[in-house]
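This document contains two forms of one protein chain, each encoded as structure tokens and listed individually as structure 1 and structure 2.
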Structure 1
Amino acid sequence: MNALETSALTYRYGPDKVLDNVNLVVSPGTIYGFLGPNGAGKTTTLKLATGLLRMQEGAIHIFGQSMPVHRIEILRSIGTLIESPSLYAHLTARENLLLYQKLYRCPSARITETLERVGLARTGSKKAGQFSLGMKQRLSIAIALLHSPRLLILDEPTNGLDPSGIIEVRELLKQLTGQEGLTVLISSHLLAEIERLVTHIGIIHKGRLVFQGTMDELHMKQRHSSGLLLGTDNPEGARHLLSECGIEAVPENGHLVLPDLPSEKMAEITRQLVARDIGVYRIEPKKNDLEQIFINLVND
């Protein structure tokens, strides 16, 4: 049974299709990074999963239960942080948690425990409205964690934070993701932001899921060459020769990027280059970094 599963999830705002047949699979105990540029459909997906948007097409199951049919049972087992912090500015951190402690009917000792966990136990009578953005976001995470959920849904938890706020929240998330039995679904538009935290990743672009798999599978893509990098002392001459052989070479940072070629073909080209007195000092597979893979995926 998956922690969260969407089947053919489709959503329209008026005539615009913002989600198109999204099949997300989040296995239990995983840390799933949901990645995509702004406006790709991440928040819409998460709002549908948490019942904040009315379903149009497709299905959502959380721990085997259908949303919105079992809305209340599902909401008992998930903690959420959707977009910006949701805090009552005129109440203290403890009072904010007290509201949710009553609604989730969890032990009142959880308030102190959770405040200590997010480092806000000593904020006393300070109102949430006077907190820094980082503190507000940590308090929002505390609200999501208060009732010990099985699935934590965090939508862009570092969005809008200054560098120190980002570090605060990132450190907190590192601690959380090590927690046994907790499944975390975290969205971001920055791969670098979550790549060290997550075990699985889904990449969404223009409402379509363009990649879904483990981080290892994504790293496999990274290891796969996406062409050959050729370094010569005469790039223009080399490009001309390659063109004669029907191979398109693209200049990049003083080198030429060639499509993947069979070894024999590459050996033949090298011989020809040397025969024309073009010095070859580098031939290597061109590797992608993760950001490049992300960009390639969303641009395909």
Structure 2
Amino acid sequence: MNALETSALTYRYGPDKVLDNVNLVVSPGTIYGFLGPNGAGKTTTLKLATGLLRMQEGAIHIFGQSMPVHRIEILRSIGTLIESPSLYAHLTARENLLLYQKLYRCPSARITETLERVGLARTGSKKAGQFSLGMKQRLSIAIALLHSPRLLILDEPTNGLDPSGIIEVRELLKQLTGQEGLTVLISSHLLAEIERLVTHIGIIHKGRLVFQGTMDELHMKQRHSSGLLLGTDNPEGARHLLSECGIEAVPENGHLVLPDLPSEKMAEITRQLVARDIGVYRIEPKKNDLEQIFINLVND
């Protein structure tokens, strides 16, 4: 039974289709990174999953229960940070959680436990308005954790944070997933940050899921996209010669991108290029980093 699963999820704002047949699968105990450019459909998906938007087409199941049929039961099992909750600046961290504890009707002991988990137990009488951005975000996550959810859904939790705040939140989430079998679904547009944290990843663009799998599978895609970068003074002539040799060369920024070739084969091709009076001034490995893979996926 998956922690969260969507089937053919489709949503329109007026005539505009913002989600198109989205099929997310979030396994229990994983940290799932939901990535895409701003406006790709991430927040709409999460709002549907948490009952903040009314379903139009498709289905959503959380721990086997259908949203919105079992909305109340589902909301008891998830903690969310879709939009920053109201933090009372004139109250301490403990006093903020006390208000939510009464709302959730959970044991008062959860306040101390949760403050310990997010590293705010020793803030004492310091008011939330005096907290750094990273501390405020940890307090927001504490509110989402207070009622002991099984699934934590976070929308852009590091948005607006400075590097130290980003590190704070990242380390906190790593610690949380190691406790109590918590599943985390985290949306972001920053692949470089997310890849340090998640185990699984889904990439959405213009409302469509363009990739879903493990980080290992994404790294495999990265390796498959590697090749050689060839610079010559006659790219078209070089491309024609390579085609005669059965090698596909793709133009890119005035260079040619070749598949990985053995050293002996590349040496032979270089000799043939020079023999045809085609000057070679650059041969080097070309490896796409994950940021480039992300860009390639959303631009296809």
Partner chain sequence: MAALFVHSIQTEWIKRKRTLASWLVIIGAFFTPVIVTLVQLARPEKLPERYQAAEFWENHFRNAWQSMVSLLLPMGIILAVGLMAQMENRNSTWKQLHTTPQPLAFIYLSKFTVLLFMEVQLFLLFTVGIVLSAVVPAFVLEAVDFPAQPIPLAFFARESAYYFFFSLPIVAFQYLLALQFRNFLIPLGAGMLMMVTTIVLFSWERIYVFPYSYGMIHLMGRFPEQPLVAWSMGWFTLFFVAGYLLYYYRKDRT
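Heads up, when I say rigid core I mean the largest set of C-alphas that superpose within 1.5 Å between the two forms. Because the structure is predicted, anything quoted here is derived from the model rather than measured. Along the sequence of structure 1, residues get numbers from 1 upward.
Only structure 1 matches the form predicted in complex with the partner chain. The rigid-core alignment places the CA of His255 2 Å or more apart between structure 1 and structure 2. Annotation for Val69: C-alpha shift under 2 angstroms between structure 1 and structure 2, rigid core superposed. Relative to the superposed rigid core, Thr92 undergoes a CA displacement of at least 2 Å between structure 1 and structure 2. Core fit done between structure 1 and structure 2; CA of Asn234 shifted by 8.2 Å. We note a C-alpha movement of 7.2 Å at Gly279 between structure 1 and structure 2, with the rigid core held in register.
Here the rigid core is superposed, and Gly165 then shows its C-alpha moved by 2.9 angstrom between structure 1 and structure 2.
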